[in-house]
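Encoded as structure tokens, the following chain is the form predicted alone, with no partner shown.
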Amino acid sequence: MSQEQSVQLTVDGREVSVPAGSTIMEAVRKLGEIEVPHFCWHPGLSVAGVCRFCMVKIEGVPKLQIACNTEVREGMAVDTIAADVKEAHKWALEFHLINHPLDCPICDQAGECELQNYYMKVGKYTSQMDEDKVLKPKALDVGDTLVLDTERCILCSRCVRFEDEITKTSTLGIFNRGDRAVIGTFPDRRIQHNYSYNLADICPVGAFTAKDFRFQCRVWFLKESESICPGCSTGCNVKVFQNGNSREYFRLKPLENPEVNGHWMCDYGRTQFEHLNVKDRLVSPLGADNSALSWSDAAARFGELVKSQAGADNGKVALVLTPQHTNEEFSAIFSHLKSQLGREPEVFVWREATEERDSFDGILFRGDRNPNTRGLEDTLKELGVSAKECSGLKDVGLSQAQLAVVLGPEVERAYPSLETDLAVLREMPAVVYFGNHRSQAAAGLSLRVPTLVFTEKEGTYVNHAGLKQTLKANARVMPSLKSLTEFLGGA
């Protein structure tokens, strides 16, 4: 039977069609209405079949089978809710809990632990094991970003397979035998690669925890929303976790998208929440003397600066764009300036001088640290605008523009030469700088206007492959902040 053919089967009486060669687990996942408990199986990794938790009953087969490694057949009838199936789930869970420590109140995985979740779904029984638990090493520093508690580990081997199959770093292995077996790093090795946080994601218990999130916030206080990572031109789909009470952001995690990032995201992208919180944000417009302005006063000041160049003989205006904003923002700022000036501004695309734009690590991370390079190119083409791409701002400084309107980078660490570049702007007659950071390097510019970050606005990014993706607005850290279009509307 070829891979192009489909197989029809039933799962708990529900019909489903899947490609030939699929497993029962994949068929169940496609249905979406049924859950087969599992630990070791992960859709992005090879099948290990070691947890023996995903047992199902197949009509005509005398013994229960694991769903993760049993291939579907035409007309197969699968039962996931029979009494003997439920009994098998209970006993599999019992064995996983034999040596697992009862430290749920202090475990960072609490609220996201599959061992807890499955116990509530298929367990809830009195343990029949009366032997002492086997104690294993705890709180091991195994890398720059992770802590490993081998006592919590259920030896599902997801982490080992991830290291072998995805990053190909092979840092981890299973050592010893029987109930003394432990996950660990090989001698003289540490987990030091750009995808290490994925190990904490795929760990179904609290064995791997992230150092930067550890003991910071309980997950049930976090509000989850969807967004696009601004870390590079891959445009990974992500889940953003924000404390709804304080509006503070705590972490990013990957959101599965087979077309973009699959099940993963890089560590660099994970830290894109750091610039979202108030402590680093510019929260109100600032004048040339760094005094705070109201939004209406800032809009009026911006309007005056633009109109002063509209009728001037040498009123040359430079519009400087960074590829970190949405297509809609690029179009809005250009159209506004054109309508107010009665002519097109000279457009510059500001790129970091040290970037290695075409580099790629072979997994997800790209040298172009801007999420919307392709979108900016497409927008300028649609507007019929010819822009000058420049490394740094030297060319802008030499343009003899009397006014520079700069849509600065949202993620400033993508621009290591930022302070040097902003020094060029300080030498220009007048500069309006749109940015979200309290950067001292921008002090003294004519007007600084706060911008929204990627989690707070709606709009479009286009990734390196030309795929359009939509940002979804979440709660603003400071409700008083205005979007670029709102600000331009009052100018």
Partner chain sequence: MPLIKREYNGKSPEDFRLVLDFEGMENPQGIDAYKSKKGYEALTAVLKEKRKPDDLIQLVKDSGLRGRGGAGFPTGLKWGFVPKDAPEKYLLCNFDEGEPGTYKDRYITEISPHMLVEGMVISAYAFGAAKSYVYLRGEFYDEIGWTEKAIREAYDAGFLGENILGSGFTHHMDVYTGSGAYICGEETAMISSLEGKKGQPKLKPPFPAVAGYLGKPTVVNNVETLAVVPWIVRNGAEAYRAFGTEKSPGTKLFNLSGPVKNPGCFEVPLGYPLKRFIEEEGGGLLDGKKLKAVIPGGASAPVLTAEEVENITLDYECLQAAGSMLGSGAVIVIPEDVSMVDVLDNLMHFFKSESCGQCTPCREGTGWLGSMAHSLAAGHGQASDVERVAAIASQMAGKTICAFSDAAAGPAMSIVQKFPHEFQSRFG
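Every value quoted in this text rests on a predicted model; they were computed, and no experiment measured them. Positions refer to the first chain, counted from 1.
The protein also exists as the form predicted in complex with the partner chain; that form is not presented, and the subsequent description refers to it.
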Answer option from Val47, Val61, Val424, Ala443, heavy atom within 4.5 Å of the partner chain in the model of the complex: Val47
Contacting member of Lys457, Arg52, Arg29, His437, with respect to the partner chain in the model of the complex [4.5 Å, heavy atom]: Arg52
Output flag, Asp212, Cys232 and Phe250 jointly within 4.5 Å of the partner chain in the model of the complex, heavy atom basis: no
Listed range touching the partner chain, judged in the model of the complex by heavy atoms within 4.5 Å, from 413-421, 128-136, 344-352, 232-240: 128-136
Non-hydrogen atom contact Arg177 with the partner chain in the model of the complex at 4.5 angstroms: yes
4.5 angstroms heavy atom contact with the partner chain in the model of the complex for Phe360: no
Contact label in the model of the complex: Glu94 to the partner chain, heavy atom within 4.5 Å: yes
Non-hydrogen atom contact Ala88 with the partner chain in the model of the complex at 4.5 angstroms: yes
The partner chain in the model of the complex - contacting residues of 147-168, heavy atom within 4.5 Å: Ile154, Leu155
